[in-house]
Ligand SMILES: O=C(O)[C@H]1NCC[C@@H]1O
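The data below hold one chain only, encoded as structure tokens and taken in the form predicted on its own.
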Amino acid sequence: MRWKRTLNVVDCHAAGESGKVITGGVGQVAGETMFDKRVYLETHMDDIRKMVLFEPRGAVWHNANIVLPSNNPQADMGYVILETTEYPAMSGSNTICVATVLLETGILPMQEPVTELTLESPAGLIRVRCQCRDGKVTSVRLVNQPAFCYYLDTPIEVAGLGTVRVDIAYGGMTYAIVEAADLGFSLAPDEAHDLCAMGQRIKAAAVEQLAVEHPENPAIPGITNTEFTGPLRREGDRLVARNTVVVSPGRCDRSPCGTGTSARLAVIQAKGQIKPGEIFIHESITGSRFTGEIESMTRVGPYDAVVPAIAGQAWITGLYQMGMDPTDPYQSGFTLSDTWMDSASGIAI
């Protein structure tokens, strides 16, 4: 075999959202923390992200994770998240995929009925509790880093829409959160294309008009996604709501989105709509569900914050080696305007 790079890849999805896990072939990644390694991958090894996620080997709806040893004595393993336009500090669906792959492939030992792990993400340590039966991880519950609100019910001006009311919240990524009904959406699957185009416009306006800087790590990106939310309703003693997150460069998250759920928990807590310990069921545009709750309250810099816990399940769908032939004309992959959208304008490129 004459490949110049060979990656060991486990295909996986959490609640419908792709989360490939790269378990070998990356080599050494410089940096003390996973955030340091994230920066090094972005600035020195970005060819891996392009190889795995861009066409013809990837697709706009693919995500990936690189599993790496952690230097933190509390962590069992570390990982860096790769998406098509950025390296997020945190992702709930990707974390669920990583934990599932680590246990089901034997990289870390599985203990039934419960395996507890501590994983280091670029956002910090993530405590994970995995329900396991007959060699299968049936549920992954992760305790995320704190989530908090930058702005609540804040008007922005969006070209072609006029004034739009948004909440801006951080849950591992920073979201412009909009009530879908305000813009005439019910969050049905056949609305996905229009939601993506409008979501990108709203995000661009929010970035331009609202200043955002993480108080503990200014290197964490600002507003990168839009979240459309449906109304809260009661199912017994649980709160339930629908949502879809528009992920750059312009596509709907297929899962309920772990960091989006975390951000929404921060918003509804700030608005007095949920209390710590109360169960929140978050539905995706595809109908899949994550379970969320507020573990505790804390502060991040000047902001009141929640410590969110998110639970869901992932499934492994394939194991293979991905390679790059030195004569392949698409060393860095490519994108086409039939599926990829410009991350700033929402206009196909």
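Computed from a prediction, not measured in an experiment: that's the story for all the values here. Residue indices: 1-based, along the sequence shown.
Not on display, but discussed next: the form predicted together with this ligand.
query = Given that this ligand is left out here, which of C257, L265, C97, A176 has a heavy atom within 4.5 Å of it in the predicted bound form?
reply = Residue within 4.5 Å of the partner: C257.
ask   = Between the options E83, D76, E104, E278, which residue brings a heavy atom to within 4.5 Å of this ligand in the predicted bound form?
value = By the 4.5 Å criterion, the partner-contacting residue is E83.
task = Flag V247 as yes or no: does it have a non-hydrogen atom within 4.5 angstroms of any non-hydrogen atom of this ligand in the predicted bound form?
result = It does: once this ligand is placed as it appears in the predicted bound form, V247 has a heavy atom within 4.5 Å of it.
key: Any non-hydrogen atom of S284 within 4.5 angstroms of this ligand in the predicted bound form   = Output for S284 is no: heavy atoms all beyond 4.5 Å of this ligand.
message = I'd like to check something about T226: if you look in the predicted bound form, is any of its heavy atoms closer than or equal to 4.5 Å to a heavy atom of this ligand?
response = Judged by the heavy-atom cut-off of 4.5 Å, T226 is well away from this ligand in the predicted bound form.
task = Tell me, yes or no, whether E120 is in contact with this ligand in the predicted bound form, where a contact means a heavy atom of each within 4.5 Å.
result = No, E120 is distant from the partner.
key: Partner-facing stretch of 149 to 157, 247 to 255, 270 to 278, 122 to 130, counted where any non-hydrogen atom is within 4.5 angstroms of this ligand in the predicted bound form   = This holds for exactly one stretch, 247 to 255.
request  = Heavy atoms within 4.5 Å of this ligand in the predicted bound form is the criterion; list the residues of 2 to 39 that meet it.
outcome  = Residue within 4.5 Å: E17, and no other.
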